[in-house]
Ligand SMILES: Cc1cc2nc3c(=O)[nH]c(=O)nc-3n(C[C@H](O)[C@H](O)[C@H](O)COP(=O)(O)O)c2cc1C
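Starting off, we have a lone chain in the form predicted on its own, written out as structure tokens.
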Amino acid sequence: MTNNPVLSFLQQRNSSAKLTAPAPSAAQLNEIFKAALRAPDHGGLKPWSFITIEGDARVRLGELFVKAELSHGVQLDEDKIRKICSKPLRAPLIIAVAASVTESAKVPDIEQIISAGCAAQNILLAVEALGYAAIWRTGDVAYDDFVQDGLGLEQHQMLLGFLYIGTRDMPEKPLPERDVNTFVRSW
């Protein structure tokens, strides 16, 4: 174990599925987004876009999820509709993260998408640094064109997922030990 506080913090990052109020304040969100904007960015394209969803907008997001299912011809009973509608209510704040891909001879699409993923990771780290908790959620709705259109994303944007953010409402889950040698080799 390191005695470097930054490395210790990074090594202990932990998602939390159960979140409650409060969420970060507007001033704290500003600081969180400043951290997101420091993601690696080959070519300076700034290939990220963020949508905050809180309050009643979470209800509208649940309704959008239901409409997406119905648009694909899925039959939903009332219980299933309630379950889908309640998903965005699992946290007081959601940040939808999108990659905004720009045509570039120098920077391939995949690098821009990875950059947006790094921005999302920076958000998760900044949230924890401020004493809150989060989890990155995807599922079929994250990759659904109907949902992307409903969120107002443009053709060149790709939704990467939803960051559910709030205050941890459960004990931190134990982190499994991971052997670095399983993932690293010399060449």
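Model, not experiment: these values are computed from the prediction. When you see a residue number, it is the position in the sequence shown, counting from 1.
Below: the form predicted in complex with the ligand, not depicted.
Taking a 4.5 Å heavy atom cutoff to the ligand in the model of the complex, the contact residue among 131, 152, 40, 139 is 139. Here is the short version: of 15, 20, 11, 25, the single residue with a heavy atom within 4.5 Å of the ligand in the model of the complex is 15.
With the partner left out here, the ligand still marks one of 26 to 34, 131 to 139, 63 to 71, 144 to 152 in the model of the complex; by a 4.5 Å heavy atom cut-off that stretch is 131 to 139. Contacts between stretch 165 to 184 and the ligand, counted in the model of the complex as any heavy atom lying within 4.5 Å, involve 173 alone.
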